[in-house]
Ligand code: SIN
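The chain below stands alone, shown as structure tokens; this is the form predicted alone.
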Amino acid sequence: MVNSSSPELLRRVVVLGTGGTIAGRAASSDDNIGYTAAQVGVADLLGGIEAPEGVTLEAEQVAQVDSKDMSFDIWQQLARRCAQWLAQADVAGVVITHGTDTIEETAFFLHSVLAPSKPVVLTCAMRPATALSPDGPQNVRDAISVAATQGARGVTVVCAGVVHGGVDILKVHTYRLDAFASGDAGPVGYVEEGEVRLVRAWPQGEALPATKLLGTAGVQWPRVEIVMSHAGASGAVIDALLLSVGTEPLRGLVLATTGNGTLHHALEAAALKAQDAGVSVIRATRCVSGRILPKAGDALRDAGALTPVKARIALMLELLG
């Protein structure tokens, strides 16, 4: 995995594994959906992948989960490991192998708490490692190229040759190999035969006070739930959340709204009741593209261009801070 005869010129790219489809196995090579995720170790995923010239690869298994089961504790551990590796002078960047289901949430979380001056590149696969034609190896190789690129910075996601910003990334398809988009912002760039072609600036995060997460064990994450507005909606779900017994009290509520932040009147009434009871309430549109444009007299604040799942993370971090 080393393509240089000059050790003094070598830089490291650290690859952190968390599981996902990219590490999945199926009983048959023609089965791309009936697999078990998170079966192959990250060191094995790197087998046969050559690093760019002057770069060495180092693997570390942080977690081994199906990303639908991603947890706050793994997020915290990932952020801590990224910060520790990036602080080492010879580390050019970090790559994270991840499942596709929640990769946009992990990317947004890391963008929010790290604001790295070096690249943190998440990558994934839509087919398991045992597929007849797996997409994981090329995605990993592309992610390593991004992580080793001079001047690269911030949190990005690389899949199917496209570089997406950690704030903008959206999973927009259930099955195809190119399952992601960047909404109105568009991609950061493309990886073409190992070379990165930028079409806009690298993302630059602004770390929140929640960077204390990097050094704190046993963080008590605030409970924030998402409720969707739809035709025929009622306030019953919100009322039930407020009355939950034997669980962590509700601290925040994200409303997945229709259109430009609109809500069914019954759901809005329940949300205002929750806000009066001390729950932090925020609106985030369920539309794939666009942002909520605020207007005078809005009783509930909005999350701008953030999707409901990203707005939930932002609100959790706000409540922690």
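Not measured: the values here are computed from a predicted model. For every residue, the number given is its place in the sequence shown, counted from 1.
Below: the form predicted in complex with ligand SIN, not depicted.
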(request) Determine whether any heavy atom of residue 125 comes within 4.5 Å of a heavy atom of ligand SIN in the predicted bound form, and answer yes or no. (result) yes
Answer for residue 93 alone: is it within 4.5 Å of ligand SIN in the predicted bound form, judged on heavy atom distances? no
- prompt: Is there a heavy atom of residue 112 no more than 4.5 Å from a heavy atom of ligand SIN in the predicted bound form?
  reply: no
I'd like to know if residue 66 sits close to ligand SIN in the predicted bound form, meaning any non-hydrogen atom pair within 4.5 angstroms. yes
Checking 100, 149, 229, 139 against ligand SIN in the predicted bound form, the residue with a non-hydrogen atom inside 4.5 angstroms turns out to be 100
The one option of 171, 118, 223, 80 with any heavy atom within 4.5 Å of ligand SIN in the predicted bound form is 171
